[in-house]
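There is one chain below, alone, in structure tokens, taken in the form predicted on its own.
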């Protein structure tokens, strides 16, 4: 019984750490622009295609991942520069509609270029291998996912708290008009945030597609929904909110997978949204978030 419980916790923390990074990518953009970027999942899908295409020309796996990271960051910056920066002072509703438009456009381009059929995303066999620790099975991919999540979270926390860019991001998030009077340039802050968001998306894509092994143009829905649920659970306005929300969602899904029957597993997402509704009723700002004013 103890071993089974530990296995559930390990599996939950592994997938939950990925959800935490997903949610963090959404929360970063929200902190500066006040809207949830639903095109974030498309960014991850294109990162998956970058891995598939680079691998198809025979590039080493390490080079493939490096190309994917650079491509994802450049695409994220381009998204921020051309799709969102022109509307930086627009109402949140306008930005939200823009994000849906960007997501649909990127999906349409992916269908045109790659077609509807799934493309294989390679995973080194060593990442799939697992070891047994006290009867608990842990794969190298799970260890890597947890390790990368910790590294990204620590690095991001240091960036936000200890650097000039971090101060500017926090100032723009708190009061963009006052920040401008102090010399902060919101367009530059926006591009920095999208660049950071691109790095986080690249890390998520590496773990996500190493786990599922394929990518298709409509694969953006699942990561976007998972990120949104994690953000709502944890709460907006802080770094720890998305992290807590992602870990809670991962543990919740792991527990469900261990107790639900095969027929009920098809409704796992419905149970997750039920949890979101319960949290919103009991604590609208999320478990660790704060109340955020979207419009005046």
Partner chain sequence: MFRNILAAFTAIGLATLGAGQASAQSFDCAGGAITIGMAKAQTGGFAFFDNVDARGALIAIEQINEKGGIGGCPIKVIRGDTQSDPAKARQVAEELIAQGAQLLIVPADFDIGVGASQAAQAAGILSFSCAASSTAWTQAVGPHHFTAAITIEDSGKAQAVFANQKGWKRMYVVVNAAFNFFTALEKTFRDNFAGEIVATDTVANDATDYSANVSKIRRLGDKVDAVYLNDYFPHVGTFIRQLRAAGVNLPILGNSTFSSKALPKVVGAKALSNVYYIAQGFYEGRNLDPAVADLVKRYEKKYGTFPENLNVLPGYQGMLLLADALRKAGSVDAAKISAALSSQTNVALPGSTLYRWKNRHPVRSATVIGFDAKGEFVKVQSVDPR
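Positions refer to the first chain, counted from 1. These numbers come from a predicted model, not from an experiment.
Note that the form predicted in complex with the partner chain isn't included here; everything after this is about it.
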Exercise. Looking in the model of the complex, is the partner chain within 4.5 angstroms of a heavy atom from every one of 34, 190 and 194?
Worked result: no
Problem set entry | Heavy atom within 4.5 Å of the partner chain in the model of the complex - residue from 143, 88, 74, 128 | 128
Problem set entry | Sole residue of 53, 265, 59, 70 within 4.5 Å of the partner chain in the model of the complex, by heavy atom | 265
For this session: May I ask you to check whether residue 4 falls inside a 4.5 Å heavy atom distance of the partner chain in the model of the complex?
Result: yes
Exercise. Is residue 66 close enough to the partner chain in the model of the complex to count, meaning some heavy atom within 4.5 Å?
Worked result: no
For this session: State yes or no: in the model of the complex, is some non-hydrogen atom of residue 118 no more than 4.5 angstroms from a non-hydrogen atom of the partner chain?
Result: yes
Exercise. Even though the partner chain is not shown here, does residue 276 get within 4.5 Å of it in the model of the complex, heavy atoms only?
Worked result: no
For this session: Considering the partner chain in the model of the complex, find the one stretch among 253-261, 24-32, 38-46, 240-248 with heavy atoms no farther than 4.5 Å from it.
Result: 253-261
For this session: May I ask you to list the residues of 206-220 that have any heavy atom within 4.5 angstroms of the partner chain in the model of the complex, in sequence order?
Result: 208, 209, 210, 211, 212, 213, 214, 216, 218
